[in-house]
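To begin, one chain is listed below as C-alpha cells, in the form predicted alone.
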C-alpha cells in the first residue's frame, strides 16, 4: 500500500505515553523492542531517524518525584531525563552494533534559514556516517515562540529537514477513527487518508493521555505538514513496535496518509 520497502530514509516518532508505564516510569520492554526493530531496519538498508519523547518522564522517574507543575520544573526534569534517555538508547543500540547521535531542536532552528541549513547538513552527515540520529525538542531551554508544541509537530519538521521518504507516528491508538473509539464502541478505523481537509481534521479528539502532550489533532497537523511536502505518513499503535514489520510485509495496519498526487 505504501511502498514502505522502497523508503530509504524513515523518521519514526514515539510518544511519552507509548514509552512509559502508567505510573510514568520508562517501559524498558517496549523500548528494547523498538530498538531491536529499528536496528533490523537499519541492517536492511534503511536510514532511520528516531524522534523520541520521554525526557520529562525519565527525569521524574530518576528523582522519584511528582510530575512538574510549572515550566521551570518541566525544564529541569527534561535536563535530567534527557541524559538518562540517551544513555539507555546508546546502550541498547550499541548491543546491535549501531551508533546513535543526539540532536535537540527548537522551532527557531526551523524558522531561520541559516540554522535550518546547518541542521540539514548535520543530519545528512550523521546518516552518511551510518549513525541513528535521536531527536527531541530542547525542552530545557525552549520557551513560548521557540517550541514546536509537541513532538508530533517536531517529527513532521524533522521529516522535512531530513528529506525523509516516510514518517511513522507510533502512538497509543491504532490509527485515525471516524469518531473517538474511547467513547464510541462502534468507531471505525480509517485505513487510508488522501490529503488533510476540514472533514479529516474534524475527526480529531482531545489529548490522548495524561502523560502525553499531544492527541489526534496534533498528529493530523503533522500529517498536513508532511503531505504538503510529498512525504507520506503512518499512524500506528506503538504498544508492540514490531508492528513496523507488518507495514514492510504490505499488511493493512494503522492509518496511511498519502500525499495528493
Ligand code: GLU
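Positions refer to the first chain, counted from 1. Everything numeric here is computed off the predicted structure, so don't read it as measured data.
Quick note: we don't show the form predicted together with this ligand, though the next part is all about it.
Visitor: Tell me the stretch among 110 to 118, 183 to 191, 168 to 176, 150 to 158 that has any heavy atom within 4.5 angstroms of this ligand in the predicted bound form.
Guide: Answer to the contact question: 150 to 158.
Visitor: At 4.5 Å between heavy atoms, is residue 38 in contact with this ligand in the predicted bound form?
Guide: No, residue 38 sits far enough from this ligand in the predicted bound form that none of its heavy atoms falls within 4.5 Å.
Visitor: Could you confirm whether residue 136 comes within 4.5 Å of this ligand in the predicted bound form, counting heavy atoms only?
Guide: Yes, residue 136 is a contact residue.
Visitor: Can you tell me if residue 34 lies within 4.5 angstroms of this ligand in the predicted bound form, counting non-hydrogen atoms only?
Guide: Heavy-atom contact with this ligand at 4.5 Å: absent for residue 34.
Visitor: Consider residue 16 of the chain shown here, and say whether it contacts this ligand in the predicted bound form, taking contact as heavy atoms within 4.5 Å.
Guide: Result yes; residue 16 sits at the interface with this ligand in the predicted bound form.
Visitor: Give me the residue from 222, 56, 49, 231 that has a heavy atom within 4.5 Å of this ligand in the predicted bound form.
Guide: Going through each option in turn, the one that passes is 56.
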